[in-house]
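To begin, one chain is listed below as structure tokens, in the form predicted on its own.
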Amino acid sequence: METNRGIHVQSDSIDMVTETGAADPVADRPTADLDAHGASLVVKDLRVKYGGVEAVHGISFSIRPGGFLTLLGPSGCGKSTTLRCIAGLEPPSGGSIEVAGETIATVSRQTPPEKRGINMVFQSYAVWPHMTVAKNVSYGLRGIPKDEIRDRTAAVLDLVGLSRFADRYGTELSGGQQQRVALARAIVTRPRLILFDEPLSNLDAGLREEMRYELLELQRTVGVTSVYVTHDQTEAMSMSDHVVLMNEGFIEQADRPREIYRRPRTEFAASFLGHANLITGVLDAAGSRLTASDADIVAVAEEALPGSAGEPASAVVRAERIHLGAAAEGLDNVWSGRVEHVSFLGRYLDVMVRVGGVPLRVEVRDGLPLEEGQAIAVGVRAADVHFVPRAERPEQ
């Protein structure tokens, strides 16, 4: 495995059981009677260059048949470029892409997009307004018997809950209904792989949340392998079997959502998911105690950071894991702080507390009496402190 900036992620970090031995949920998923079959996907050392600029820097990942993998990251990180390479809409500058063991893309040879057995759902839905819902969905089934077209179209429309809208036109549908049409059209041809390019970003917040669950249930029912691109961490965390977190064309971390959240490997991974406080400092000889740069905080963690004794590091502390006031008493880490700001956010209070020169964001239950300027104890369990190196990227 390489240790340079062209980070490789081993296949079994994606498609095998985790170190804890947890079974992969994909194996137990039911499938609908739609004759759909998901395929494995393997991306090896993929590179994409535009002139002298390399947008994707030798990334590798894989996914089992029927899995749901999300490429997550900020705008410009290379996730959509990677998706377009898988679809055949962009040529790779290096590396290879395999679907079901078949190489479909290298620098010297590319399988045409229409022959890859891959469908794509775009952000814009691409629903033809001059066609009915049924015609939109069945468009890709030309060349097969009419009875089969009718039956497959009806089955998929029923699956996405659009049977009663079969004769409506695209202009007569809401955004959520158009998205369901796009999903039905992607499923009806029974692809080996479906790619989703930020498909929910045009929907309002409430409908987006509803469609997240509908899309995931649909994917589980059909059993088709799916690769999903988004910059929305909520979508990635709630929908994915595995997440590939990207930044500036590199993979920062690839793992199950819960593992990335609880055990980020880089400062970027810690900051991008959830509300993380990063306390910078230097680790002790055991690698389990960090003294902050201004010495106002000494943070103790349950797990040491191997190979980093005496090295610069950051302690990652999630906002919801910090306790204030009486709740901080007796915890492994207790610091003296001062409340700087309190915001009411319904289910909880969003509190900014300063410990020495370090500002900490805290989420606590509503009802805790807090005032700006108030001196208060700040506590964190050692199990809720996680160390990451301060280096640009850890070795992988």
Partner chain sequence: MTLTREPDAQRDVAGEQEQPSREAAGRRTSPRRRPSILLWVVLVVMLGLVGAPIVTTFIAAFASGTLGLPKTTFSLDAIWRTYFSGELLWPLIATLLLSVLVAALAVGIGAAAAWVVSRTDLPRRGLFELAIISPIFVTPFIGTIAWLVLASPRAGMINVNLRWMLGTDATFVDIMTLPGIIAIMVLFFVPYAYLLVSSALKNMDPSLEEASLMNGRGTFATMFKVTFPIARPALVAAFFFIAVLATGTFTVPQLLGVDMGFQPLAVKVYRAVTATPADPAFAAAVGTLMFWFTLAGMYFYRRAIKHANRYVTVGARGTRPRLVRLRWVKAPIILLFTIYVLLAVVLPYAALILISFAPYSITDLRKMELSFDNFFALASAPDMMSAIVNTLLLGLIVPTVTVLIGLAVGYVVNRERGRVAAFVEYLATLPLAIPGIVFALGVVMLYIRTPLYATLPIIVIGLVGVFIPHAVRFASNGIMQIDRSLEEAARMSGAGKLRMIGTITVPLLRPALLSAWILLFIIASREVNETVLLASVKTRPLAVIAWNFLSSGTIQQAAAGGLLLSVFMLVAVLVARFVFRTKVSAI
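These numbers come from a predicted model, not from an experiment. Note that the rigid core is defined as the largest set of C-alphas that superpose within 1.5 Å between two forms. Positions refer to the first chain, counted from 1.
Keep in mind that the form predicted in complex with the partner chain is not shown, yet the notes after this line are about it.
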Within 4.5 Å of the partner chain in the predicted bound form, all of Glu303, Arg321 and Phe387 (non-hydrogen atom): no
Please run the contact check for Ile144 against the partner chain in the predicted bound form: heavy atoms, 4.5 angstroms, yes or no? no
Arg84 within 4.5 Å of the partner chain in the predicted bound form, heavy atoms: yes
In the predicted bound form, does Thr234 come within 4.5 Å of the partner chain, counting heavy atoms only? no
Any of the heavy atoms of Ser288 lying within 4.5 Å of the partner chain in the predicted bound form? no
If we take heavy atoms and a 4.5 Å cut-off, which stretch out of 270 to 278, 106 to 114, 241 to 249, 256 to 264 is in contact with the partner chain in the predicted bound form? 106 to 114
Using a 4.5 Å cut on heavy atoms, which of Ser163, Ser96, Thr189, Gln177 is close to the partner chain in the predicted bound form? Thr189
Considering non-hydrogen atoms and a 4.5 Å limit, which listed residue (Met131, Ala155, Ala309, Leu216) is close to the partner chain in the predicted bound form? Met131
Using a 4.5 Å cut-off on heavy atoms, what residues in 251 to 283 are near the partner chain in the predicted bound form? none
So with the core overlaid, does the Cα of Met131 end up 2 Å or more away between the shown form and the other one? yes
